[in-house]
Ligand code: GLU
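In structure tokens, the next block holds one chain alone, the form predicted on its own.
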Amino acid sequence: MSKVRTRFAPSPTGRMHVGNLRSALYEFLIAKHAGGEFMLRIEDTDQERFVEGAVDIIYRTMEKTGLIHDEGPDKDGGVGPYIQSERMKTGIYMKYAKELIEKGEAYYCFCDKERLSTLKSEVVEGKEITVYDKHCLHLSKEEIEANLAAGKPFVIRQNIPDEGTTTFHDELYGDITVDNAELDDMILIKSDGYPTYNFANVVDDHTMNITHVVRGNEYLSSSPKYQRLYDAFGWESPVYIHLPLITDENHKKLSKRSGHSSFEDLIEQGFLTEAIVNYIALLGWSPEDNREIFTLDELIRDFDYRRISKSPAVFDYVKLKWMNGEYIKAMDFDAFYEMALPYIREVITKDLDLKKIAAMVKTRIEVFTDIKEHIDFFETLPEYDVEMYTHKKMKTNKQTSLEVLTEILPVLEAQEDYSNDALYAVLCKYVEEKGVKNGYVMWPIRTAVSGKQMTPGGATEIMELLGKEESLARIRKGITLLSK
């Protein structure tokens, strides 16, 4: 068995979609699990969709996610160029297309738009396509040479028989057989001389010694045409692995409108790269032991492509947030603080102990963008409804809260040490003297100093950070609000 070689072949059309990243990840894992090689090839022959800067996004995303390629435009492994537009300049696609013409497996087509518009069309997978009638297949050699000599525009089409069947094997779906009558004579070389995506794929995969082709199952319908090309050339077919569709929670195809369809969307929404990679690995694949948290090295060790599902994978945003939260909890504090600091500084300009604030939120957030809503009260006391002082479990209401705040105010005014421990001791002493439970006292104080229903820390932790002057000012405001 030859060494496993996979390739990630993205088109530079913008941000990297979650589906593309999953393909890259699975291709990387299949190669590395088998001790093989993972290659990057840039497919830029569709010049109309090319986006400036998109190649940089591809490199940046792969580097961040740890999907390091062994060969590519920046790492020559001897089968380059690794960019399709550069490969085209070598004449490789036209050379192989003409070889197919010689074998009768392809032909020149000179039909203009006017003639093509008269052909019948049919709907295939929701798209209306024109079914070509093989008109130019029957041109004589003299007619073809005359047209070429006259510079008449042409495309080169694959010649698929009208009868018989074509069979290919997929590792997940098994043998798939289709009637040739269902296959159209697809274009191999376009009128601008560029190869079509399908043709360039086959030529490049073969000439670059790719052993395993991993792609979305939307390409299953094109695979018989790929197979016919391999058979026409007399080349060995690669191992096909077609991946399940990724849908949103409503079982619709994951689209840009979802707001979280690309890797960069998710990073901007406060997700960790490691959590994204871990989660995407589970979109269509499950390990034997049903565990959910994996490092990239553990995925390499455990990934078996035979455990990829054929059923669509649902992108569960809530599940991803949970997983990200688990990663944040497990982070080294210094690394967490470095990542959290820009988010903290977005809302806090006061001279406060930002490390203590970061420590407060570390176990309470799922994504970094959650930080703002957890800590904004440190900067400014929000307007709040005094009904918050009423809490059944704490046995508090507006009247009891007013009483507690009024009684504790002079105690806190006399207190010099505003460390968490000292404040807690003072309040516990008051609780004991009052003969009530902690929450009866702590709830109204926390409400007064935060103005929030939920906070990342308790009353005394918040007061330590706010300091004496600000804490007392907020308690006095609470008394004023409750006195109305």
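Fair warning: this is a prediction, and the values are worked out from it, not measured in the lab. Start at 1 with the first residue shown and count on from there.
Omitted from view is the form predicted in complex with glutamic acid, to which the following refers.
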Partner contact check in the model of the complex: of 351-359, 212-220, 317-325, 102-110, the stretch with a heavy atom within 4.5 Å of glutamic acid is 212-220
Give a yes or no for residue 197: in the model of the complex, does one of its heavy atoms lie within 4.5 Å of a heavy atom belonging to glutamic acid? yes
Just to confirm, residue 400 within 4.5 Å of glutamic acid in the model of the complex by heavy atoms? no
Considering only heavy atoms, tell me if residue 9 and glutamic acid come within 4.5 Å of each other in the model of the complex.
yes
Note to self: Residue-level question: is residue 396 within 4.5 Å of glutamic acid in the model of the complex, judged on heavy atoms?
What the structure shows: no
If we test each of 158, 201, 278, 261 for a heavy atom within 4.5 Å of glutamic acid in the model of the complex, the one that passes is 201
